[in-house]
Ligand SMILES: Cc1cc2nc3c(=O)[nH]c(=O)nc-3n(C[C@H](O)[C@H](O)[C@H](O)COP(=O)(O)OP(=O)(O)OC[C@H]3O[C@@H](n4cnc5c(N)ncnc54)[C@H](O)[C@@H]3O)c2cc1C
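We begin with a single chain expressed as structure tokens, specifically the form predicted alone.
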Amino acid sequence: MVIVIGGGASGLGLAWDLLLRSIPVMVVEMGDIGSGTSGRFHGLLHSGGRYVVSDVQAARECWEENRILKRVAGAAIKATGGYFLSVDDEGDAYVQDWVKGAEAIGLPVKEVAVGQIRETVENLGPWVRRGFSVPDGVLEGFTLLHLLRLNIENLGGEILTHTTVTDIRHENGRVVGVEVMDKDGPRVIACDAVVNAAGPYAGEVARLFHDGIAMQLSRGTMLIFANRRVPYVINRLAPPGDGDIIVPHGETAILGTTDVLQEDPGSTRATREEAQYLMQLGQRLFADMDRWRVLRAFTGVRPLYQDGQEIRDSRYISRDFTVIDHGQRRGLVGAFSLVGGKWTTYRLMAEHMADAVAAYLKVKRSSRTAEVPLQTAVEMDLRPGPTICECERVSLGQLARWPCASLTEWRTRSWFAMGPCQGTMCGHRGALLAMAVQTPSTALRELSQLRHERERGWWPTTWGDNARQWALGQALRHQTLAEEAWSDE
């Protein structure tokens, strides 16, 4: 039995890989699936184009995994394609280096006349000079996480959410189990190996292995716009920087991102200054972006790792990943950590980690995740029923597919409460439905948590029309619906 700590992309990807090798697995996640970094990114399926100059290894891995994921996880991938656009304040020298870097890894790029690009991408800024097509795409993170969860459970794997690992049991320096805490209290789960795939919390988990690791955490802020203003992924052709990518995601578009070193793995609060800063940067590509309808801001914490080095600028830290066998260092035998990497390379990360765990367990089966497609759920024959969420057109029939889900899981599965009103109108309806399988106090607590999470992202973007809608939403909630005001203190 292998215990995987962390229910994000790398943790679930590892569990799927191990199960395909017939190795029993249990995943332990302290929140909901994807509640950490894996649920807080801009949705880009990398082609590798962003790293062909600065991080060639990461670029090569992204391009290879881009093609694999389109085969095995097609239900979560939108092959939109994309462009890298050069504006008039970047020199031709970098463009030439970029083209050479793309050719070196076999990435198919093609220069396209800017006039031709303008025919399908509206309102590009007048200073865009050159454009190159790339096979970027959109990776729907929550869709893929739920696909992994479904396939893991179908193979007999177990996933424990809202469960925290508090200690590691060991005998003669070798892992024999983990101590966990869940809603029912503490318990011990026996295991033969444990893998730390806890993302930003990997440093804290590694201390339980008697072998700490130094993570370099970096916070990135992104903006979500209410309309799909671009049909393709749009990248600024320049050295990696802030506010240089726009990704079409469902009916929205996401602008990202900033890159700021931080120490707290749980700090995910965006600020109004960051939101306005991103808007200014985005206008280098789209001059009218200040008139786009912004929904909310959100942040994710990148779990970067640079062994033995302390770097002041996180953009110089490789986006590659590292597999750590703590038993070969100074920690517990049978304890491993998987750190670094990107969403696009989660499958490759899991394969390398699973190779190390399988070797430790003396299992000789190789990885099959590059060939075995993730199976999608069989759709239930349900009538749509009344509309629950008007903004995202989510019906009662859609939510009925997951009758025991929490409000958070309904949100990540269907986009319930993620439209322009941010759950103002549909939150109560969802809580009422949840009361059919939960106690009223539990459903109301989930409603409060939903409100809190939505408002954390809405507040930094309250200027202009968005500020007026915020005020209307507050009046509806606290006067019409008599909700109590929340506090972040």
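The first residue of the sequence shown is number 1, and the count goes up from there. Everything quoted here is computed from the prediction, not taken from an experiment.
Same protein, other form: the form predicted in complex with the named molecule, not shown, and the subject of what follows.
Of the heavy atoms in R302, some are within 4.5 Å of the named molecule in the model of the complex.
Proximity of S22 to the named molecule in the model of the complex: non-hydrogen atoms within 4.5 Å are absent; the residue sits far from the partner. Residue contact check for S406: none of its heavy atoms lie within 4.5 Å of the named molecule in the model of the complex.
G82 falls outside the set of residues with a heavy atom inside 4.5 Å of the named molecule in the model of the complex. The candidate spot formed by M26, P248 and Q276 is out of contact with the named molecule in the model of the complex: none of the three has a heavy atom within 4.5 Å. Among the residues F132, Y201, Y232, Y360, the one placing a heavy atom within 4.5 Å of the named molecule in the model of the complex is Y201. A heavy atom within 4.5 Å of the named molecule in the model of the complex is found for exactly one of T412, T163, Q398, Q216: T163. Just one listed stretch, out of 369-377, 326-334, 293-301, 350-358, contacts the named molecule in the model of the complex at the 4.5 Å heavy atom level, and that stretch is 293-301. Looking at 8-26, the residues that come within 4.5 Å of the named molecule in the model of the complex, counting any heavy atom, are G8, A9, S10, G11.
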